[in-house]
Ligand code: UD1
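Take a look at this one chain, the form predicted alone, written out in structure tokens.
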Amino acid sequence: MNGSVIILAAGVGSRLKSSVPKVYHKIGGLSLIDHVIGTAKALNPSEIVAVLNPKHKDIELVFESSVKRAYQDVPKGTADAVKCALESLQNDSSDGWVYVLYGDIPLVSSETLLKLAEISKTCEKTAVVVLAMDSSGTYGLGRLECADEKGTVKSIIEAKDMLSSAKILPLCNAGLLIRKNILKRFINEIEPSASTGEFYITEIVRLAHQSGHVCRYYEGDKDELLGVNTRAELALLEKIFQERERKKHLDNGVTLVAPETTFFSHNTQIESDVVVYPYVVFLENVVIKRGAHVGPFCVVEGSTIANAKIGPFSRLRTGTEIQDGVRIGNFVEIKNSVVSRESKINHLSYVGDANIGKNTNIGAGTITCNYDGIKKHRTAVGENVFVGSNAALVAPVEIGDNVTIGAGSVIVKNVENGALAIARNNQTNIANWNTKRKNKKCVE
């Protein structure tokens, strides 16, 4: 696009009753503002500027490298915030257009924003295109006042300034596309609201209309344009996001046995012919390859799963790679480890900071002791290894190929290829122990 994007995100969001600023709350593991930035990037604009509260300078954004920051020191309204952003734009020409988006409307799509651009081309006199949302049944929102020509508006009236009028549409503002020269011309002519004293960017519509320009609107999907002001609204948007993700994966050939019980992150990648059973949670940075089965009640984060079987009740943490033919069973936790082809960890084990070779069996109750209280250390287990139940592999340690580890062993030294390693006390059996005990009288 020939233009820029301004994202207004300086509000605190007091109604959320949170120490975290509103736009940094998350949906699908991604902050509200990062959702909007990601959508803006898809438009390929010349610049993106986010207007933030200076108190929140230290909070990081996922798309930090692609967005400039401007700060609104005093909250004097959306028009003042736009002025702060204009000062940060490198391209000072008056050519092109400027999108003004809101950081608390996270689910707006690039397809919808491109509709505004299409509408802007219908007439040379078009100065503003309003992204409108059906506001029926809602209160406290401004409304569009229609002009004489169908599909055009002459003002946006803020809720606190609204008077009864037959020309008020049941539509509210969810974003603006403004011709840059119009924005620069009228931004300093906006006067403060009589009721709040704030400067509203929506006044651009009235000023442009009064000067003979055309202001149009496009009504977008309501679910896509809902904003966040309360915890209940945040939960509703999470629900809408999850329903959208479920449909996307189903349409892409993923089997979700109980879709309503599966939860996705904003960047979950799943190939076709994957089967996901009920009550699975995918957190951020998960990649699942064709043919994998993810059993019930699994939690997966920061992991790659090839054609393998996971679960039920498995937890895969960040840095985990599960290769073809692997079987990860119930109550197994794996962190920052590679489990190579055809290996099995079927029961009640913890594997952290480890490399497990091909065709290796990790017995029930086995753990890698990767933390010495100061540093994390790695465990290397070779190919065709059998680790007996309840073994503890104390890192750093290397287990060679074709090794057998006896059940209950605590392995603290490297084991060479082909060896049997047993590390436990000798067993002592005392004959007739129970008979002697029964013959003794109980002493009170």
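One rule holds for the numbers: they count along the sequence shown, beginning at 1. This structure is a prediction, so every number in the text was calculated from the model and none was measured.
Same protein, other form: the form predicted together with the named molecule, not shown, and the subject of what follows.
Asker: Just to confirm the contact call: exactly one of 288 to 296, 258 to 266, 364 to 372, 197 to 205 touches the named molecule in the predicted complex at a 4.5 Å heavy atom cutoff, so which is it?
Answerer: Heavy atoms within 4.5 Å of the named molecule in the predicted complex occur in 197 to 205.
Asker: Work out which of N173, S155, T320, T360 lies within 4.5 Å of the named molecule in the predicted complex, going by heavy atoms.
Answerer: By the 4.5 Å criterion, the partner-contacting residue is N173.
Asker: Counting non-hydrogen atoms within 4.5 angstroms of the named molecule in the predicted complex, say which of N307, S120, Q72, S303 makes the cut.
Answerer: If I apply the 4.5 Å criterion carefully, the residue I get is Q72.
Asker: Residues V339, K344 and I411 are flagged as a possible site; in the predicted complex, is every one of them within 4.5 Å of the named molecule by some non-hydrogen atom?
Answerer: None of them does, since no heavy atom lies within 4.5 Å of the partner.
Asker: With the partner left out here, check for me: in the predicted complex, does some heavy atom of G142 sit within 4.5 Å of the named molecule?
Answerer: It does: once the named molecule is placed as it appears in the predicted complex, G142 has a heavy atom within 4.5 Å of it.
Asker: Taking the named molecule as it sits in the predicted complex, is G77 in contact with it (heavy atom to heavy atom, 4.5 Å or less)?
Answerer: Answer yes; at least one heavy atom of G77 falls within 4.5 Å of the named molecule in the predicted complex.
Asker: Please run the contact check for T230 against the named molecule in the predicted complex: heavy atoms, 4.5 angstroms, yes or no?
Answerer: The answer is no: T230 has no heavy atom within 4.5 Å of the named molecule.
Asker: Just checking whether Y102 would be counted as a contact of the named molecule in the predicted complex - the rule being heavy atoms within 4.5 angstroms.
Answerer: Yes, Y102 lies within 4.5 Å of the named molecule in the predicted complex.
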